[in-house]
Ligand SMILES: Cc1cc2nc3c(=O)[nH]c(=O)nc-3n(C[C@H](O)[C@H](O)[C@H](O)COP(=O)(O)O)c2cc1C
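In the form predicted on its own, a lone chain appears below as structure tokens.
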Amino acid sequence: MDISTTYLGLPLRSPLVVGACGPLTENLSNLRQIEDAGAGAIVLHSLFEEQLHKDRFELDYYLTQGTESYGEALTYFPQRPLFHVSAEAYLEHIQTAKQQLDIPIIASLNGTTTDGWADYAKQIESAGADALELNFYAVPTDVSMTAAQIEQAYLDIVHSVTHSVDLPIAVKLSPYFTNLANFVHSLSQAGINGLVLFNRFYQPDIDIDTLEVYPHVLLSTSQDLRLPLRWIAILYGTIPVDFAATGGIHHAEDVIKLLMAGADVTMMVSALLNHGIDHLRTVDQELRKWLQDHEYSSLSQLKGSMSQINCPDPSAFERAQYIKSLQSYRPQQLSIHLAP
């Protein structure tokens, strides 16, 4: 059974891609295991521009911290910096991965300045990455900044990067745009090759006993795939880029749904954190069996078959279906008493 696909111009043996995740991709032995389990490609954990700034000032940090402390101070030794992966280590990780693995290695970058995005993209290209994912992970909180200004800032970054490197470029977006379809159309015109939908923002929690705000990571479930499924189905055939679905991909059924919507690849993270890297083998086997049972000879027959332009009911992805869903829903135990 042929389950090969292409993504960002790269031929992949499988649509199963491991998404950006430090615990999964920082360790070279994990990367080898991921390849052996059948993944089509690997997206490395993100390199944050803050890490590169940290590298520049790290020596000064260690030399100056504690200079005003007395010898018996419990906090005399320097505290570990926020970021533990240096830029140099990240670039070396790319080089080593490329030397030891045969599947494509996609780097991930999250910058803070327009020049920074381009400069670090050049370094990643020099390290040998096959492609680059621009991880637009930022939460605008300035009430004076308009939606148009935010979108233009992203477009400026894309222009800067695409004019600085020859790597295929994907952009990982959040769904929080006034008109997502219009914005991704502008991104495609700016020269990107792919879209990764969607970024799942970290959401803080509050400890009501210690009165502290703390990180609370929630792994995805299969229910989370509905958002990327809907938008990939809407955009497929109208925006000339490749689509990667991320968030909620745990089983072969999830992969099949997203491929039908129009995805070129599906990126798995939470499922592997829950079940281990070998879970890739299970999904691969189940995907092949389903395709064989349903008499598909390749993924190309499947891809986009249930997108909006090919779906028997195109309105299923739009407002009319929302109204229909509300009207048709019936709770299992109806305990609501309506007034006469």
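Source: prediction; values computed, not measured. Position 1 is the first residue in the sequence shown; the rest follow in order.
Beyond what is shown, the protein has a form predicted in complex with the ligand; the following relates to that form.
- When you look in the model of the complex, the only residue of L273, C311, L302, A37 with a non-hydrogen atom within 4.5 Å of the ligand is L273.
- Look at 265 to 273, 252 to 260, 184 to 192, 230 to 238: in the model of the complex, residues with non-hydrogen atoms within 4.5 angstroms of the ligand sit in 265 to 273.
- Residue contact check for L16: none of its heavy atoms lie within 4.5 Å of the ligand in the model of the complex.
- For the chain shown alone, Y176 is not a contact residue for the ligand in the model of the complex, no non-hydrogen atom being within 4.5 angstroms.
- By the criterion of a heavy atom within 4.5 Å, L219 is counted among the residues contacting the ligand in the model of the complex.
- Remark: Y202 counts among the residues lining the ligand in the model of the complex, judged by a heavy atom distance of 4.5 Å or less.
- Along 1 to 32, a non-hydrogen atom within 4.5 Å of the ligand in the model of the complex is carried by G19, A20, C21, G22, P23, in order along the sequence.
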